[in-house]
Ligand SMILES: Cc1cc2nc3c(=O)[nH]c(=O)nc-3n(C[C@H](O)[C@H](O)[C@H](O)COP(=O)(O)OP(=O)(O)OC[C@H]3O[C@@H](n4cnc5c(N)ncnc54)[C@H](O)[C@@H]3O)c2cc1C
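One chain comes next, on its own, written out as structure tokens in the form predicted alone.
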Amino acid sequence: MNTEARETTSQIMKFPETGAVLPGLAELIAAELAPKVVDIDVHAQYPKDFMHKLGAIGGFASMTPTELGGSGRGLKHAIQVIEEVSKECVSSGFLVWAQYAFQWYMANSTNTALKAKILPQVAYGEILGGTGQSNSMKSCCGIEEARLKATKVEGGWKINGTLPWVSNIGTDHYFHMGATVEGETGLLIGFVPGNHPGLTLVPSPRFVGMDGTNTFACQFRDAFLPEEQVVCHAGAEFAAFRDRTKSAFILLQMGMGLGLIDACAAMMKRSNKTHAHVNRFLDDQAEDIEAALLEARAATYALADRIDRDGSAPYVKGTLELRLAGGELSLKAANAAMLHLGAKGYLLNNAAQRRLREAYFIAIVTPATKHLRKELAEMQQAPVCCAA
């Protein structure tokens, strides 16, 4: 992490009490999430009630301005909410991230009528949704081809193709999709409901983790996207939209990593109450993980404040570097926790093996470790690639 990323006050180094982040959050997690974590992880139970209740207490309102029904508390606050949820369950933390990313795209749209209609409902969890931007980000960086194509028709666009992985959606949810337009650079970004005519949601195959995230493949067959549901047009409008959104979209994911790392350090400390005499021979100790966590947390919060102040565009490289470090530290922390727990960590209801699978997800979810390294390498040679 660079020197600028380390600049922070002593107050930011320690995570605030849960009640200070959001009144009622600790109680909601204890009552509605903690008892269901194994069902979410093992039995693919989607925590829909928890999501709606989190929204109702303002857990999704941070990145919507007050004039559109949000709290306007900003990117750092959104990251802190994701972090607190992820201490208990990264699957649920990922869903909170998806809700915020969904909100962030809408908040940065020039479609003022759509924003005014949808954002107040998104900010308070009345509407749940996902981003659908994994393929968009990878296609813009040359990792894979764009899966959706948009053709101009009277009053809007016809959409065809299949998005393979979209999370936090369902027939009563919404999401953003990105499609190429012939003759244009960038992507057309649209807002669609899960029950949109011409759209079929196909359940994903079973995962080894993160299976309770309502993830579907989205098949578009001549689906009509009306102009009033366009979030961003391709071409110059997309380029400006990308510059406004990219850094915050990615930095939000640090909430998942910070929460997981915190939980792993806590597990290691608990194990040391009975096994410190043998755990001390392991390479990574609880105090090592905690020290790295404090540094990563401080860097994340400081960068979030700068993005809120200056916008996303100046901080793309720093965001990618920090997100890469966060994924690597997540893997290190989860591996250390598993080794500290030993055989107990193999139990199906033990958090250690779940945390290890969650850490791999953090390193694999778009932008994945290899994606981040590719983009950073290309930054040394050429302008920023066009990830949304």
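Keep in mind that this is a model prediction, so the values were computed, not measured. In this text, residue numbers run from 1 along the sequence as written.
What comes next is about the form predicted in complex with the ligand, which does not appear here.
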item: In the model of the complex, R373 touching the ligand (heavy atom, 4.5 Å); value: no
item: N279 within 4.5 Å of the ligand in the model of the complex, heavy atoms; value: no
item: Partner contact for E144 in the model of the complex: the ligand, 4.5 angstroms, heavy atom; value: yes
item: Any non-hydrogen atom of G257 within 4.5 angstroms of the ligand in the model of the complex; value: no
item: In the model of the complex, segment of 260 to 268, 78 to 86, 202 to 210, 227 to 235 with a heavy atom within 4.5 Å of the ligand; value: 202 to 210
item: Answer option from S247, S109, S92, T131, heavy atom within 4.5 Å of the ligand in the model of the complex; value: T131
item: The single option of K138, K115, H196, R73 touching the ligand in the model of the complex, heavy atom within 4.5 Å; value: K138
item: Residues of stretch 363 to 377 in contact with the ligand in the model of the complex (4.5 Å, non-hydrogen atom); value: I364, V365, T366, A368, K370
